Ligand code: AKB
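Have a look below at one chain only, the form predicted alone, in structure tokens format.
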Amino acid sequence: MRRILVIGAAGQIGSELVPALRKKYGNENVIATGRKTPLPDVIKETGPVIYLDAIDKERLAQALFEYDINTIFHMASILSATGEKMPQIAWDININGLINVLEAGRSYNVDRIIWPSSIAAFGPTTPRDNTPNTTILQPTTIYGISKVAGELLAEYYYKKYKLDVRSMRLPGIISSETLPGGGTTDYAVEIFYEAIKHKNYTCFLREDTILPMMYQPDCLKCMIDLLEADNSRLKRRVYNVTGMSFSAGEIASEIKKYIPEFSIEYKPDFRQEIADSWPRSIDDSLARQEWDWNPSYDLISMTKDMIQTLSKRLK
């Protein structure tokens, strides 16, 4: 029986991960935590909710003990664009919070920890096309630096303490349920809302900027699949994963198939430099080989589902 603690349950992924986990493992077995951002009603009304700041080591240890936790999803993080505005805070939350989770996990015999890394761990010296799982990691953002440090910590705690930490390098996540939270790939979510509501969008990246992306249903599946993977098959702690790659212009063209009057203009800002340091496409063959990762959505099917879902809600 899994007893799961989700740290960062109010975030873009966490807010949908909690309901998915409760559906699979039972409402009472998934404890959602929040800090400043209010939790969605669907989370507050269906299972346990507690206040928790991962920086608070004593409160974290108390939660693991009180709720008999054996599995942790550590989702709390300051993302790339926001992190560049407050790098010291980003480092504190992203790294010190992770270390606290790892230390509490080994002290309280936690069976498994899922912690997402990011394509931000790559940098301008990394091969940008079909980026391999093992490659140069020289990021240029504090978010990316914290992810590289986190990946090394995951490997360290597994080798030194046998703590089963598992991580996936997530691309940009596109969700029809939650708004973006300060990342460089946020445009791929914002564009749908603006297209439906105003028929116009000003993109903060160039038209030809290609980045790896994943639709939220695939992201949730990815996390649960890696959680349940047989450890004997896993040859590493960190895996590349991806769903699709497209440019800002390509997603705009796909949206125009449903909203012909939609127009877009491109005014790159500081996030363009971040995007230019990231891969255009990802090689996730090791995840496919070692734990059967297989996404369901491409640009065409994702766009269709986003337009249908958001049109109903926004109109």
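None of the values given here were measured: they were computed from a predicted structure. All residue numbers refer to positions in the sequence shown, first residue = 1.
This next part talks about the form predicted in complex with ligand AKB, which is not shown.
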Inset, instruction - Report whether the minimum heavy atom distance between residue 150 and ligand AKB in the model of the complex is within 4.5 Å. - result: no
Legend entry - Close approach of residue 139 to ligand AKB in the model of the complex, 4.5 Å, heavy atom: no
Inset, instruction - Could you confirm whether residue 119 comes within 4.5 Å of ligand AKB in the model of the complex, counting heavy atoms only? - result: yes
Legend entry - Proximity of residue 240 to ligand AKB in the model of the complex, heavy atoms at 4.5 Å: no
Inset, instruction - Identify, from the list 110, 244, 222, 170, the residue with a heavy atom within 4.5 Å of ligand AKB in the model of the complex. - result: 170
Legend entry - Stretch in contact, per heavy atom within 4.5 angstroms of ligand AKB in the model of the complex, of 158 to 166, 214 to 222, 90 to 98, 182 to 190: 182 to 190
Inset, instruction - For the stretch 128 to 143, return the residues whose heavy atoms include at least one within 4.5 Å of ligand AKB in the model of the complex, in the order they occur. - result: 143
